[in-house]
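Below you'll find only one chain, the form predicted alone, shown as structure tokens.
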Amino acid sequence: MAHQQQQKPRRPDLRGRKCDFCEKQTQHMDWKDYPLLKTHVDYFGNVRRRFLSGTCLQHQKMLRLAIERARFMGMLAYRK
């Protein structure tokens, strides 16, 4: 009998994905925009990574800063 290797599950290819914020031409992210920030934070309170969310580097930095400010003001939890 031949030994068969198990294949690892493949991640979806997100390289061709465009940044949603670039398409909307977002210049500023507000820390008070709770629905927007909540979608970019996972269950444990971590900021979602760029390759999962599809955001570009510039908007990921703006998003991280807005999430940090919302945490400081008490709108978002630091950790679960």
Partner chain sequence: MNPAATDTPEVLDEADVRIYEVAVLLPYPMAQKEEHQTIKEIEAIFKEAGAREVSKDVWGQRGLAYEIKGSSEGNFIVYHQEMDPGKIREIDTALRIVPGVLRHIIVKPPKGYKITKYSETYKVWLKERESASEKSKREREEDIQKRIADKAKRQVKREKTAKAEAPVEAVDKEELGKKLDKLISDDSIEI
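Residue numbers count along the first chain shown, from 1. Since the model is a prediction, treat every value here as computed from it, not as a measurement.
Below, we turn to the form predicted in complex with the partner chain, even though it does not appear here.
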item: Any non-hydrogen atom of R64 within 4.5 angstroms of the partner chain in the predicted complex; value: no
item: Contact label in the predicted complex: H28 to the partner chain, heavy atom within 4.5 Å; value: yes
item: R69, heavy atom within 4.5 angstroms of the partner chain in the predicted complex; value: yes
item: 4.5 Å heavy atom contact, K32 to the partner chain in the predicted complex; value: yes
item: Sequence-ordered residues of 49 to 76 touching the partner chain in the predicted complex, heavy atom within 4.5 Å; value: R69, R71, F72, M73, G74, M75, L76
